[in-house]
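Just one chain is shown here, as structure tokens, and it is the form predicted alone.
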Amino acid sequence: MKDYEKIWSNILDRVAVLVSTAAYEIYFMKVKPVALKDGKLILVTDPSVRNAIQRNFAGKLNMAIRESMEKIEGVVIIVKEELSSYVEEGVAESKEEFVPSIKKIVFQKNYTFDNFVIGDSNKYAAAAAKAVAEAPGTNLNPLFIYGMPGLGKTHILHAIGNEILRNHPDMRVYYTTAENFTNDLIYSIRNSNNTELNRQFQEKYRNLDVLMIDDVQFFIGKNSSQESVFHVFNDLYTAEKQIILASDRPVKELTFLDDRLSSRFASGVVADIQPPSFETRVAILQKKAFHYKIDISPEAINYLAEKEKYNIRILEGMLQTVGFFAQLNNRPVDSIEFVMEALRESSGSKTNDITMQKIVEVTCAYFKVKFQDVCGKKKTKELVEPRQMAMYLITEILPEIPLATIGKFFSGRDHTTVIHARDKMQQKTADDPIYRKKAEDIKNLVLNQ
């Protein structure tokens, strides 16, 4: 990991506890560090994301920089068109990223099986991951892991990588995301007349012992990427090489994937990770507190475990926030009141009051339709788009809400209706800039009202 990537990763850890889960996933996860220049971290993203962060989260971002204690003067957020003005030889950097460098992949050293707290919610996925790490390419191939954001999927993938390389240092183990795979493919297509680049693409993904692809839901709507990963999958599987995939939803809900690809994803072992139980959350906090040397009482840990029930990343961020506040005040975290004060100070007392009702109300106002009609039984043409948009935005902004619960909110509709609406709007927002703009506008209204 490059210096600027490590700096941004540390800042993101602080951002995760200063903003809502929705804002973190919608905005900050779409920002990428590209360089350090004149003491400032250069970040690149889309214009709409940059505008939203500068308008609504500048204070929180600056606070995250201070709390991360990274020695930088600040950040500069640019769009892709401005990259060459800030980063010298930006094109050369892209080429370097494309060149296969399998042996340079470094898995996060703290993401190990020893540091992964196992409970009823993840024990099957953890057991499957350990079996794969012990004997890659044998009987658990492919391994498909799914679960909501922040539950430890990436931790498990890195733990597998660390374990395999510890036992088999000569193995070619590669971790990537579906987005990075797509970017490599796009670069290869753009330079299709360059036979060397095309050869490098083939080598990078087919000359492997273990391939891990995270966030495979990103392949939805990207037909060329699906075709390419289908052939890579077949080549590796035929050669008895290990394939590991991770997604935020089960294969059966990836309805816009090509049937050939989804059937291969589901052809091996499928393991889900559910939100951790209270006891598991307490165990996670105890282990993290020991790791970060935070003196915290059992009642304070129990309070944190009750406060965040779904996202382990946010749970850890809250613990670090409280620990940092305790360090500043030179005292232990010995009461619930102290925890509440620490979290209140870090968040500026802003509460997250986003609900399904609020998302639907904002969507209805945007489309100029009635709330009771969108949530009701009517199936007229003018209600289809706002209803599907509302369902889609609920799954995006409030991913912890079960699909069945969302369907029930819309006059008792089945969860498959929600899946159809979500996937259809994902397809439209990916293909049509008008729909994408609509979705972004409504998200901004929901998050900033």
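Start at 1 and count along the sequence shown; that's the residue number. Everything numeric in this text was worked out from a predicted model, so none of it was measured.
There is another form of this protein, the form predicted together with a small molecule, and it is not shown here; the text below is about that form.
A.B. asks: Does the trio Phe201, Asn207 and Ala239 actually contact the small molecule in the model of the complex, every residue with a heavy atom within 4.5 Å?
C.D. replies: Not a single listed residue reaches the small molecule in the model of the complex, so no.
A.B. asks: Is there a heavy atom of Thr321 lying 4.5 Å or less from a heavy atom of the small molecule in the model of the complex?
C.D. replies: It does not: once the small molecule is placed as it appears in the model of the complex, Thr321 has no heavy atom within 4.5 Å of it.
A.B. asks: I'd like to know if Thr363 sits close to the small molecule in the model of the complex, meaning any non-hydrogen atom pair within 4.5 angstroms.
C.D. replies: No, Thr363 stays farther than 4.5 Å from the small molecule in the model of the complex.
A.B. asks: In the model of the complex, does Thr154 come within 4.5 Å of the small molecule, counting heavy atoms only?
C.D. replies: Flag for Thr154 set to yes.
A.B. asks: I'd like to check something about Ile284: if you look in the model of the complex, is any of its heavy atoms closer than or equal to 4.5 Å to a heavy atom of the small molecule?
C.D. replies: Contact check for Ile284: yes, within 4.5 Å of the small molecule in the model of the complex.
A.B. asks: Using a 4.5 Å cut on heavy atoms, which of Ile72, Ile189, Met148, Met340 is close to the small molecule in the model of the complex?
C.D. replies: In short, Met148.
A.B. asks: So which of Leu185, Ile164, Ile354, Val117 gets a non-hydrogen atom within 4.5 Å of the small molecule in the model of the complex?
C.D. replies: So the residue touching the small molecule in the model of the complex, by this definition, is Val117.
A.B. asks: So which stretch, 133 to 141, 72 to 80, 366 to 374, 108 to 116, is the one near the small molecule in the model of the complex (non-hydrogen atoms, 4.5 Å)?
C.D. replies: Selected stretch: 108 to 116.
A.B. asks: Flagged pair Glu67/Val339: C-alpha distance shifts by 3 angstroms or more in the model of the complex. Which direction, closer or farther?
C.D. replies: Note: Cα gap between Glu67 and Val339 widens in the model of the complex.
A.B. asks: A 3 angstroms or greater change in CA distance between Glu67 and Tyr303 is reported in the model of the complex. Closer or farther than in this form?
C.D. replies: Compared with the form shown here, the C-alpha atoms of Glu67 and Tyr303 sit farther apart in the model of the complex, by 3 Å or more.
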